[in-house]
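Single chain ahead, by itself, as structure tokens, in the form predicted alone.
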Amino acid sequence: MTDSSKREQLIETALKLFSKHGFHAVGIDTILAKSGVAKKTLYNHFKSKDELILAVLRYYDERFRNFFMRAVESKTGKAKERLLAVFDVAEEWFESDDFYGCLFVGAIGEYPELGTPVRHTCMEFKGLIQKYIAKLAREAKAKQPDQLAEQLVLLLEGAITMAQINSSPVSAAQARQAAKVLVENSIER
């Protein structure tokens, strides 16, 4: 295994463990045991557990956003319908075996201090998702695309939370119904 593949193995293992069990509940020894990587190698790549957590969040951010945007774009070519496809993709995510809620909301819950790198990384992710939805709203010719994006993100975040609480993807369909009303009222005819 190359040095870079060991780093990625650590990140992927930590991601799975943090997603399922939380950041504070998972210790370095557990990550090492599950990844099969030596402690010295871990500390060659990451100075601390917090540094590993940041690497995990950035890794997940890049992969999840790319997956999410590609999945939305693949659903339809029509801009207005893409706004609703956001919730279709969310439903597919909620149905997956590895859905444990939003990793970033979990991170902020465990690291609530303002101004920390963890919180900044989480806020950046949420902001980029909102910018993407605002872009879709502009493409759909929404009257107030930024406002519509904020409203849709609120519905999406609520759906994510309820899917986690209820262990059910039904919240995505419910959020989609509410989103449809908002989209219909926001798009110029």
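In this text the structure is predicted, and so the values were computed from the model without any measurement. Residue positions are given as counts along the sequence shown, with the first one as 1.
As for the form predicted together with the DNA, it is not shown, yet the points below apply to it.
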query: 4.5 angstroms heavy atom contact with the DNA in the predicted complex for V26; finding: yes
query: Exercise: A38 in contact with the DNA in the predicted complex, heavy atom 4.5 Å; finding: yes
query: Proximity of Y43 to the DNA in the predicted complex, heavy atoms at 4.5 Å; finding: yes
query: Distance check, K34 to the DNA in the predicted complex, heavy atom within 4.5 Å; finding: no
query: Candidate from Q144, T161, S48, N66 lying within 4.5 Å of the DNA in the predicted complex - any heavy atom; finding: S48
query: Interface segment, criterion being heavy atoms within 4.5 Å of the DNA in the predicted complex, picked from 55-63, 152-160, 135-143, 26-34; finding: 26-34
query: Partner contacts in the predicted complex for 119-142 (non-hydrogen atom within 4.5 angstroms of the DNA); finding: none
